[in-house]
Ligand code: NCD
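Only one chain is included here, represented as structure tokens and corresponding to the form predicted alone.
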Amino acid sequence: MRTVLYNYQIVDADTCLNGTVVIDDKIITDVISADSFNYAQKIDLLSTGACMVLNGNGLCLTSGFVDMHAHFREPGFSQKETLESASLAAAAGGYTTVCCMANTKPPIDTMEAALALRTRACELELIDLYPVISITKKMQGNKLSEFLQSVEEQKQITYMPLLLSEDGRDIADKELYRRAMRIASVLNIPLSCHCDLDGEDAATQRVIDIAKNTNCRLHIAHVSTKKAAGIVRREKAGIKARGADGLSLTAEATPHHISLNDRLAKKLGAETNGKVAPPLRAGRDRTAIIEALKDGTIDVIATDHAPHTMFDKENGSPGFTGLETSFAVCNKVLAGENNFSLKQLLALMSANPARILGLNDRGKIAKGMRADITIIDLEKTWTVDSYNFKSRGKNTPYNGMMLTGKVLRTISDGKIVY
């Protein structure tokens, strides 16, 4: 069936126009500027087979968001989140593509476990989910995961992740880390690093130094300090200047690290409801992260969606539920308070993560792209109430906060999923 999205403000990292998007067979087949959309074209569009027309009345239409970093908690922690509830939450937040981390129970360290989870997600027909595979076996830090060993031994690959990560833990063994980076470079997929060994700043420099001469596509997760951002900026400049032996370096920041500070953590309970890893930082760090997003030092906004039961939060589990508030928080802080253009914000949430993950069929609104679309009312104000979340995790620091910008509709692979 053909879908015609008519009378929208179409915005992505490269585009800003008023017009119409046409979807046929899960693919964007045309993007038509309102200035050139005449009556004859309209009749032609509507007369070809079954057709659904959605009049946007000027709402914002953009490419579905891409999250490089979320915790879906399956298998093993269904009391916190299920695959179904997390996928619904992603769709409600405007996300159509998500990488879910491997720190489950048991950890996702094999192709079989990753493929099983992806297969279940595909059957739900909500979002495009790519399970991340851990770097080490059972995330214990002393042996390569079965997947990486299979690659090293040139065995048949039945599932290729978009990302490798030991998120939730750093890896102490430098040689094991370097070995994993070399395998990741052969696969040409990014390796995402949770940097906290001896503190975020030292760990960020350490992992970049380990990656040199490996040709690795290194990705630094949840950068949260001024110094760590400065390290990434300096190392990126060095890579650009000298080629740096094929090393590629990218980084992400979270909505909560750009919008909240350590004072709020104390107010919520630094060891309970305000606890997250890495922790909320001082105001100067928050400002530095925003500046790093603005100048391109940090490439991506990733949610680090980390749902917990309230019992778990009260007993010190770190993390916030983030998929359903991400856009509105970033819209408020970056576009509303720090003069980011909407195109800049959408690049951080869609085009850039799609590019880093090698997903060349999404991240922008253009002819031939996968029909992953998010429709937003940029002017709508709303008050966060976690009771209404699709996620099982109600642990948000934004409860009661008024935000501007609301996801109204999400289309994934040509199908309305929210």
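In this text, residue numbers run from 1 along the sequence as written. Everything quoted here is computed from the prediction, not taken from an experiment.
Here the subject shifts to the form predicted in complex with the named molecule, a form of this protein not shown in this document.
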{"property": "Proximity to the named molecule in the predicted bound form (heavy atom, within 4.5 Å), stretch among 81 to 89, 289 to 297, 225 to 233, 315 to 323", "result": "315 to 323"}
{"property": "Contact of H194 with the named molecule in the predicted bound form (heavy atom, 4.5 Å)", "result": "yes"}
{"property": "is_contact(G168, the named molecule) in the predicted bound form, heavy atom dist at most 4.5 Å", "result": "yes"}
{"property": "Residue contact check: A277 to the named molecule in the predicted bound form, 4.5 Å heavy atom", "result": "yes"}
{"property": "Distance check, D304 to the named molecule in the predicted bound form, heavy atom within 4.5 Å", "result": "yes"}
{"property": "Non-hydrogen atom within 4.5 angstroms of the named molecule in the predicted bound form for each of R217, T250 and R355", "result": "no"}
{"property": "One residue of T272, N103, T110, N261 in contact with the named molecule, assessed in the predicted bound form (non-hydrogen atom, 4.5 angstroms)", "result": "N103"}
{"property": "Members of 70 to 84 lying within 4.5 angstroms of the named molecule, judged by heavy atom, in the predicted bound form", "result": "H71, R73"}
